[in-house]
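The form predicted alone is given below as one chain in structure tokens.
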């Protein structure tokens, strides 16, 4: 029995919580007196649908609790994708749903598995649940199904797969995702994080709806923060088997999505024209920016998303760290990815035409060792 002298003198968090390095978002500040082009958070350069803005502005009954079941939004999502609304859970962004998935299916003594350069929230979700995070190596900045399967143990309870992946922008074909599912023990939950699915224009890609519909151990997570431009409102959704949905609903907050968020999200998903415009913008500028940066002597990981992972030479005066400082002073805010194990790279969001062209101009000067004009 412990004595009074040996007891803690204040509340002590679980050891796994103290292992968490808090998530640090992409920065949004720049040098003084310059126009800021924020290219650090993969936000939609077109902004949200005007219909979503109008719906948000009309949600003025702020004294009333929102619909705790997100009924209208679940029905709108179901109508868009041909799903059963009873198998959809809405959350405060997909981040909350990632955390709830880990909390519902993993705990002390368990393991949560993900790939080497996977989204940082996977580690946080595992440790917050009391489970051990396990990392599988990647090949060419892509998730490796063989490596993931080799890392599965008797303790594995959840496998997170970002497809496409952030911050690399890469994906694995649907056949590989199915091979991963077939190789997992039936009690291991495969969570497909498809936050960037709408941007992918590849015939061999599928976000996960088919697998969820046919497999009892697969869920798919999506977000309104990217293609729909509602990052400030924090709205996401999960589609899964009835048993998984039941478990997540038991531990989620009763009113976890705000009424303005629900209203804006319904309008956003129904405005297919705005989604098409965002896709078209990305289809124009993603290959253009990739080609222009490659022409400057930089290495660009092929991407199917609305961002690029750009690798800088390990040469004094040309490193990613120095490029980041140079760009920031000129109003261009990119994402350092040291925390993902990629200190030699920067992640850049596909921005507006102005931002994309300015980025190439400023990086051209940086690579040549030149200064740019005022405000550049």
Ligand SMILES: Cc1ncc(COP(=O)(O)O)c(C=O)c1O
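Numbering follows the first chain given and starts at 1. Owing to the predicted nature of the structure, the values given are computational and were not obtained by experimental measurement.
Just so it is clear, the following notes concern the form predicted in complex with the named molecule, a form of the same protein that is not shown.
Heavy atoms within 4.5 Å of the named molecule in the predicted bound form map, among the stretches 203 to 211, 88 to 96, 75 to 83, 290 to 298, onto 88 to 96 alone. With respect to the named molecule in the predicted bound form, the three residues 198, 285 and 349 uniformly fall beyond 4.5 angstroms at the level of their nearest heavy atom. Proximity to the named molecule in the predicted bound form, defined as a heavy atom within 4.5 Å, singles out one entry of 256, 156, 223, 170, which is 223. With the partner omitted here, the residue from 218, 162, 268, 238 that has a non-hydrogen atom within 4.5 angstroms of the named molecule in the predicted bound form is 162. The shortest heavy atom separation between residue 141 and the named molecule in the predicted bound form exceeds 4.5 Å.
When the named molecule is considered in the predicted bound form, residue 181 lies well away from it, no heavy atom lying within 4.5 Å. Contact annotation for residue 122: at least one heavy atom lies within 4.5 Å of the named molecule in the predicted bound form. Put simply, residue 234 is close to the named molecule in the predicted bound form: some heavy atom of it is within 4.5 Å.
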